[in-house]
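Shown here is one chain on its own, the form predicted on its own, set out as structure tokens.
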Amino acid sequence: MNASAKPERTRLSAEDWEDAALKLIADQGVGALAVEALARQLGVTKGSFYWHFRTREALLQAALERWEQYGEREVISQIEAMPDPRARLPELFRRVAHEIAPHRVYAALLKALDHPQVVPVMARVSQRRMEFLTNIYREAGLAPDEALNRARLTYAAYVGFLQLNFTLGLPRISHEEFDAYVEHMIKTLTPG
């Protein structure tokens, strides 16, 4: 081997940095997001970061937008495309129940609602999710006021469960108990 040969460098995309930022946010919170720590974790220099982003805040904004778009693209648009409105809620509950990474990011963002970049994203996400749920309930046959109230209850149950689970570490339940809880949610919150 030639002593002057340099090791092959890994080329990271902006998306690689955004994914790493979201994982760090999920694990340690928004405040832990630091360029140097991410570069070390990814095995690259900070120069790689600056190729894609001007500042830490630019990375945070891009990562938050990526997370927001995932929810829109991978969940909402796919559920909306289902032809049977009554099948949408059970599918939504089952799908969302088994996607851990987005929930961990959401729970971390709930703890950072005093951060100026987090607030508008969380407001948009919550508004869009409430509109989505309200529409599902309307299309399933509920009156407008009842659909809105059921959407509020559904979203509050989701956020509350995340807070209990990721913030407080409660409830500690087995996979079987969790699956039973999801089925209970479906039975309770899906119009008959």
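A residue's number is simply how far along the shown sequence it sits, counting from 1. In this text, all values refer to a predicted model and were calculated from it rather than measured experimentally.
Keep in mind that the form predicted together with the DNA is not shown, yet the notes after this line are about it.
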property: Proximity to the DNA in the predicted bound form (heavy atom, within 4.5 Å), stretch among 154 to 162, 119 to 127, 133 to 141, 47 to 55; result: 47 to 55
property: Partner proximity in the predicted bound form: residue 147 to the DNA, non-hydrogen atom cutoff 4.5 Å; result: no
property: Residue 64, heavy atom within 4.5 angstroms of the DNA in the predicted bound form; result: no
property: Exercise: residue 182 in contact with the DNA in the predicted bound form, heavy atom 4.5 Å; result: no
property: Residue 12, heavy atom within 4.5 angstroms of the DNA in the predicted bound form; result: yes
property: Residues in 16 to 35 close to the DNA in the predicted bound form, defined by a heavy atom within 4.5 Å, in order; result: 33, 34, 35
